[in-house]
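Alright, here's a single protein chain in two forms, structure 1 and structure 2, each given by itself as structure tokens.
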Structure 1
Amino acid sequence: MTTSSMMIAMRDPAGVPGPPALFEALFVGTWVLHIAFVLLTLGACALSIVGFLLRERDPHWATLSSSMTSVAKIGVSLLIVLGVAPLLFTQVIYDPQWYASNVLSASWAIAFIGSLIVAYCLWFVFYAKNKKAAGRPIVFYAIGALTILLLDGLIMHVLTYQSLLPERWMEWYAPNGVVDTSGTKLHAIQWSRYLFMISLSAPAVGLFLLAYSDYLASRQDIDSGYLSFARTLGAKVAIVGLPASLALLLWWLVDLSKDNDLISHPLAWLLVVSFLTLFLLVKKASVPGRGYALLAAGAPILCLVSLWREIVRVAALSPFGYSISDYKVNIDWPSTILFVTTLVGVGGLVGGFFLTVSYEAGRVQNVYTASPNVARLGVGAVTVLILWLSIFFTYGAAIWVRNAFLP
């Protein structure tokens, strides 16, 4: 039995219900959304803590700390929900790797859940207490939460990295032939990769602050001095963070070159160039009115990072003959149509309605009254949901009756 035959056997015998390349694209694409909120949350957590500690130096720090505490609170919710999709899609095409790695560090996989709950609760306590009169010790709630979140990031990194090393699974599971079913060990860490990913939170929150100061510019009740402070700080954080991330990226590339020739891959150098370009853009153009554009300019980098992860994965698994292209396919049209129509109809109309109302309401000081277009969007949201439910039940009842009663 070879590593290759073992991984092929571990694939699910039911096959995948669509083209494997489609799942790969969804995996890469949805990971971008997930990591964007991971990075924003970590950056916002760090800024909340720094802002809290410096609040006596300048009141703008206190405002920023409070605001970033809210950003991190919502960020955690979104990073969790957006993390579900890549977690789902990776299990479709990389099931042998993901499951084996998880079982080998099973106790950590379970601890990830408990610790994330603790971290989030600690953050909520900090959020509730982070007021003007709050004493210094409350910052320990925030520091505790951030530390646990970083540990959770490390656990996720390990689970991913272990999945790329199938030739070592048996050695980890049964060192010297003695089976260890406890799952209590983190077997492999690639610090360069982990620290690179974490470091991206600095440019991420920096770019966010640039967009944030533009977003709030229309609010008469917000001090323009604070917005200027946030913009300057955002530019500084991004300008310091981007070279730091670039240095860590180069370390990761050197690390990778030990095992294969990925350092000469064009995408690796495109990544390097994109970091330098964004650095120059922020340095030259971080002026009022450019915040959204600069934040958007960060998105292609995250797409490249996501694509790069996939290239690293393919390079790690191909020596073992593992390729998603030869995964058995059993296309399932009904559920495919269900997903696509829901994504477009419900995601577009209902998600669009929620986001539009939230965005517009945040830009006005008083009560926001929906414009005719937003009002129509609201009617469209409720209508599409009623339509979806009607089809779901009618279609389902027909299938149920056919299978239960008809020969």
Structure 2
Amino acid sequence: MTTSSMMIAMRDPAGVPGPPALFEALFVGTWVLHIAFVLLTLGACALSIVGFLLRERDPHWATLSSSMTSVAKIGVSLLIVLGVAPLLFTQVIYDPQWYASNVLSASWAIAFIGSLIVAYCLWFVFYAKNKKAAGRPIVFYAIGALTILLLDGLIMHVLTYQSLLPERWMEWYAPNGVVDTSGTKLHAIQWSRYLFMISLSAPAVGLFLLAYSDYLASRQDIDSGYLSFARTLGAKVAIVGLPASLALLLWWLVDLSKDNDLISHPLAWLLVVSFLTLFLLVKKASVPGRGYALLAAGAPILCLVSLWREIVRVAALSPFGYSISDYKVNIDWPSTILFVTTLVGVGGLVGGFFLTVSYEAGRVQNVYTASPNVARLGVGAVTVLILWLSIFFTYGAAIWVRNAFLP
């Protein structure tokens, strides 16, 4: 059996419930949301630690450390929730590669969940203890949490990278002809790709700080000197971080060129140009009132990175004749409609309600009172949630009754 036929045989015999291109587009799009919060969390963690260690030099560092600790705490929750969708789409159209890679490093794949829980617990302890009178030793909770989060990122990188190297699966499964079922090894790491992804956390948190200082500008109880401090720091972090990320991107492109001609792909150079453009924008326009625009300017880069990952994946698997376009399709309209309506209704309306309330509540000093429009949005969100739950359980019960009792 060839590698190509092996991957075809490992596909789900039930096929996919819709056009594979649709799932590919959803995979690329949802990964952007996931990685945005991964990068923000890592950047906020690092700034929290730095701010805590420098709090005696300037009280603004202490305030920033406390704020970024909260940002990271919320960010971990969101990155996990938003990480489910791209993970599921991977398993729909790239299931042979993803499962093979996970089995080859099964111990690490299983440890990922446990280590993520430990990291979150450590960060929560730091969040609870990060007060003015806190002793310096509590920073080790934060350092431990950040270290584990970086390790988790490395595990995800390895599982993804191994899935792009099917020609080496047998070598890893049975080195020297002896089967190794321990799953205790991380077989392949592409440091240029991993470090590039991690480096994006610097410009991400830098741009976030620019928007953060604009967001809090309407609060009379917040020192304007602190907002100026946050804005200046955000610009500096972004201005240093963007060239660093660009250098690592070029390293990754050179790495890729060893196996194929991806370095000449137009999107690769569009990525390079986008980094340079954003760098110039931040350098020239990081003034009050431009924070949201600069943060939004970073979003297209994440979209390009997500698209670039998919191009790299397709290029790696094409020599083996693997293409999602010939995946068996079994259209399942009820589940497809349920998914789309869930995305729009629950994700859009309910998620939009929470985002709106969070945004508006953070801009007032005292108790927040929702406007009539926000109140109506809340009623709509609850209604949609009840409707969705009713349809979900009714549909599930109908399937169960049909399979259990009808011929």
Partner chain sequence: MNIIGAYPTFYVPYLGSAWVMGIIGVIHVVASHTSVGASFLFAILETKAYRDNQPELLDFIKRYGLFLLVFSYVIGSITGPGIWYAITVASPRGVSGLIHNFVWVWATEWVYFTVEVIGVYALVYLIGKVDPLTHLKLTWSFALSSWATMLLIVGILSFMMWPGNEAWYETGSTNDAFYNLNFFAHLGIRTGSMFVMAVVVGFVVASGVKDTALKTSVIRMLAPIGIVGGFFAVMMFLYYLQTLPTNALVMLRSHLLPRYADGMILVFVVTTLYLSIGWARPQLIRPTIAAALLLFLATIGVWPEERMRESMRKPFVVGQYIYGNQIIARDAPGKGVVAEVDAIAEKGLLSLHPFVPERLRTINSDNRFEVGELLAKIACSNCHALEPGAPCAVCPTSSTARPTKT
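One-based numbering along structure 1's sequence throughout. Throughout, rigid core stands for the largest set of C-alpha atoms superposing within 1.5 Å between the two forms. What you see is a predicted model; the values in this text were computed from it and never measured.
Pick one: which structure is the form predicted alone? The chain shown as structure 2 is the form predicted alone.
Once you lay the two forms on top of each other by their rigid core, how far has the C-alpha of I386 moved between structure 1 and structure 2, in Å? I386 is displaced by 3.1 Å at its C-alpha.
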